[in-house]
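Just one chain follows, in the form predicted on its own, and it is written as structure tokens.
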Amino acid sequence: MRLTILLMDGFTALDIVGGYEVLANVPGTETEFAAQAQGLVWADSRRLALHAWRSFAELSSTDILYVPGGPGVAAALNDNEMIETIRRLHETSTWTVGICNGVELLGRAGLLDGKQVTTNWGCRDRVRAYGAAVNSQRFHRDGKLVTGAGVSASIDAGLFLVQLLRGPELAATLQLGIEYYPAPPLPYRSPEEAPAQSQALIRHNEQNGPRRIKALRPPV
């Protein structure tokens, strides 16, 4: 089973790494990272990179197409090679996964019209513009599309897909393997419950800064 993870400059690391840590450990899985060109592709922090060892041009088919998000999505929406690669691989895939605002790329490729999906809380309206019905769940399936909400929801979406692929016993084993039993120290259980100031800060930096690291800094 081939898992193909697409990379774009400015991806958010946990969008990828959470789902990767789950799906790449399914027995028999061959994982590949691909980008426009082979080599290092930088995350939004500019402090971490992943290595693409295949170019988009080398890809002809896959079993699981995995499209992450991050600030780099804004530029990738206008990248014809990225969009055509998503469209081409989706035609061959058994499953297509979109995480966070990476779901926007699925919409740009024409895959969301009439579909029900989830996505990052800050880009729900943009995803709706592609004809999708958007919910606030951590993960959602519509046909062969599996979508995850923001960033850490990549883990939830990955575990959900493992259940579909191999059943709940393996999913439970992988959940134990990564010791994923969330109990955050803060009381907020959804984006809507987060403090208004936090919501405003995140929105400000998503609109005005290309790097997620800026979300740690208050607007001037």
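One rule holds for the numbers: they count along the sequence shown, beginning at 1. Worth saying up front: this structure is predicted, and the values here are computed from it rather than measured.
Not on display, but discussed next: the form predicted together with a further copy of the same chain.
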| query | finding |
| --- | --- |
| Which of 88 to 96, 117 to 125, 75 to 83, 102 to 110 sits within 4.5 Å of a further copy of the same chain in the predicted bound form, heavy atom basis | 117 to 125 |
| Interface residue in the predicted bound form among Val26, Leu59, Leu165, Val151, criterion: non-hydrogen atom within 4.5 angstroms of a further copy of the same chain | Val151 |
| Residue contact check: Ser55 to a further copy of the same chain in the predicted bound form, 4.5 Å heavy atom | no |
| is_contact(Tyr130, a further copy of the same chain) in the predicted bound form, heavy atom dist at most 4.5 Å | no |
| In the predicted bound form, Gln175 touching a further copy of the same chain (heavy atom, 4.5 Å) | yes |
| Leu186, heavy atom within 4.5 angstroms of a further copy of the same chain in the predicted bound form | yes |
| Partner contacts for 19 to 51, taking a further copy of the same chain in the predicted bound form and a 4.5 Å heavy atom cut-off | Tyr20, Glu21, Glu30, Thr31, Phe33, Leu40, Trp42, Ala43, Asp44, Ser45, Arg47, Leu48, Ala49, Leu50, His51 |
